[in-house]
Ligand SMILES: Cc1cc2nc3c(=O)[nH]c(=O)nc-3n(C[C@H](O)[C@H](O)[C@H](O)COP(=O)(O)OP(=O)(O)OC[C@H]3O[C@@H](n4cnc5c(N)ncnc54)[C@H](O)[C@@H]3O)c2cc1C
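One chain comes next, on its own, written out as structure tokens in the form predicted alone.
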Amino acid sequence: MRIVVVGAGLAGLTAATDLAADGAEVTVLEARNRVGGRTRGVEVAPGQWADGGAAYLGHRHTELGSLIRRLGLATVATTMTGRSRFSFGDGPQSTDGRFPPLNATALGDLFDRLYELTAAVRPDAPWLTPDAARLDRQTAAGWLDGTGVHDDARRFFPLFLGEMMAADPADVSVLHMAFYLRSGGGIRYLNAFAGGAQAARVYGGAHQLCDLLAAKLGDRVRLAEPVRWIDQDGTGVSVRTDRAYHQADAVVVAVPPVLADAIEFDPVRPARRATAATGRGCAIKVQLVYPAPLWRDHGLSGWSVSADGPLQSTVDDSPPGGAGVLTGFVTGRQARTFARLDDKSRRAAVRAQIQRLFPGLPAPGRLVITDWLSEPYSRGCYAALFGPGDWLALGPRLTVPHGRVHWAGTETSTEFFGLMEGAIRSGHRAAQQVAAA
């Protein structure tokens, strides 16, 4: 059996590995000059790496944990020892723990409402959630406007949604917000370091996962071959790239929905993978590199949350015993604004903010920006954002094959949607579908 896999991210390489192990003749076609999809390694010092893309994992990410062990990799705990820094317009301040210096009752009220929403959603089929049509029509911003919550909750909500989903509240439906939080293990789990979804990182960088999977597949992985056209009939499939035609018995398309819709299909698919409301995950990551984690000498954890940007949060991603790495996140509406700046202006804005947040630190020796909004073969990160109407329009067909064409990618997984775990699970599921067909 001949299989073509479109996309060499975690989902595509997982599907290709499973199919090859079952004896299929597999070809993986990747548009970029590298494998990894929305993982990307940033070398912060010789032999020391940070994650410019997907990074964190927790104990519930069982398929990811199994893959890490199978590839002979290890994990390192996310360090959170020391005080946090917060800036909400009144000047930066330090606090113990991660709770922001805002009205605790107001934030408690906000999270009570979010818990109620997430508890009601059907994670296996969000479009079948009670009152799904109403929840899918309304944006998260519209929902917040109707709650009457305290101003402090309004200030915090975009920061929270940016951290969790790389989304502005105006870009996602209430149904998608509730589903995403439920799919990832719930608010407490998603938002937690120790014991939660951000408890650890892959030692040496998550990009190694795809590098090692691709190395095992060898010359079956072909880079710089963006797929333009997929034609199928009763006997097989033809896949056209800029460089070649590939014949197969089946295809697994493992790219984000908007990129899947850029491929021409014959016969035409009965439904698209995205709508006009489907948005890009708005995330830009910034690595600030120091000789060592110098903030620890000041009793700080490196964790910060800021309402005045451009970095809305920072975290200590330093490799053990090596360079000091503060990873900053620019998300949501702030990311779109930041992406429009020239490189010099971006760097100046980041350095000025870090000087305000961490006045005891010297200037970083290096500053690396990974702009996922501008990546043509990602179209955003962490994942596509389902806007008003998307779940009812797209959800029922996310994993339904189009003849000999099957679908993978974290956006097709109702388990850990948007995370590396979701991508891997989708790859296993797609491979099983192909084998069954």
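What you are looking at is a predicted structure, and each value in this text was computed from that prediction instead of being measured. Just count from 1 along the sequence shown to find any residue number.
Not pictured, yet referred to below: the form predicted in complex with the named molecule.
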remark   = Only one of 42-50, 66-74, 397-405, 370-378 sits within 4.5 Å of the named molecule in the model of the complex by heavy atom distance, namely 370-378
query = Hey, with the named molecule in the model of the complex, do L10, G37 and L259 all fall inside the 4.5 Å heavy atom range?
reply = yes
query = Is there a heavy atom of L419 lying 4.5 Å or less from a heavy atom of the named molecule in the model of the complex?
reply = yes
query = Can you check whether L385 is within 4.5 Å of the named molecule in the model of the complex, heavy atom basis?
reply = no
inquiry  = I'd like to know if R32 sits close to the named molecule in the model of the complex, meaning any non-hydrogen atom pair within 4.5 angstroms.
reply    = yes
Partner contact for V255 in the model of the complex: the named molecule, 4.5 angstroms, heavy atom = yes
remark   = Only hit among A283, L213, L181, L288 for heavy atom within 4.5 Å of the named molecule in the model of the complex is A283
task = Only one of D168, D152, E225, D316 comes within 4.5 Å of the named molecule in the model of the complex by heavy atoms, so just point that one out.
result = E225
message = Where, within 42-61, is there a heavy atom within 4.5 Å of the named molecule in the model of the complex? Residue list please.
response = G52, G53, A54, A55, Y56
